[in-house]
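Only one chain comes next, encoded as structure tokens, the form predicted alone.
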């Protein structure tokens, strides 16, 4: 029979191993975007980050539903993970594979869909 202390330990261990809630995952994607993407793509995803004025190729406006709906989730995942050249776009978009896990990149793709209020093919 488990003691109250042992039971509490199991509950706490389970809580630590439980997957992140959807809310926390969404917050993490937004935080990652603000930390790593906003310098070029802007805090609001409009392509007007502080670095944009000095770039020869302007960053994508992630709030542009028409342009963003033309990109599949797979293409968005690939460009985040492997960089712009992976989808025949600008070399100025760096690969983030060494920074983000696949799960975090999927979170960023979902966050991009929130910014554009669109899905692929809409």
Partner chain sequence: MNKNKLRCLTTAVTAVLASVCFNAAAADGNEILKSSCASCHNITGPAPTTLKDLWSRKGPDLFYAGNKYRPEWMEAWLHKPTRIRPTGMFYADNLKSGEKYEVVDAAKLAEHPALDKEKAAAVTSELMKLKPHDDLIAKETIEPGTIGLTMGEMVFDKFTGCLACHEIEPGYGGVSGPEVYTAGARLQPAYIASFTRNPQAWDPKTWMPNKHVSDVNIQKIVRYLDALSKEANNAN
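Keep in mind the model is a prediction, meaning the values are calculated, not measured. Residue numbers count along the first chain shown, from 1.
The form predicted together with its partner chain exists for this protein as well; it is not shown, and the discussion that follows is about that form.
At least one heavy atom of residue 54 is located within 4.5 Å of its partner chain in the predicted complex.
Not displayed here, its partner chain is approached by residue 31 to within 4.5 Å at the level of heavy atoms in the predicted complex.
Taking the partner from elsewhere, residue 63 is found to have every heavy atom lying beyond 4.5 Å of its partner chain in the predicted complex. In the predicted complex, its partner chain sits within 4.5 Å of a heavy atom of residue 36. Between its partner chain and the residues 89, 48, 78, 71, the one pair within 4.5 Å by heavy atoms in the predicted complex involves 48.
Residues are counted as partner-facing when one of their heavy atoms sits within 4.5 Å of its partner chain in the predicted complex; in 84 to 100 these are 91, 92, 94, 95, 96, 98, 99, in sequence order.
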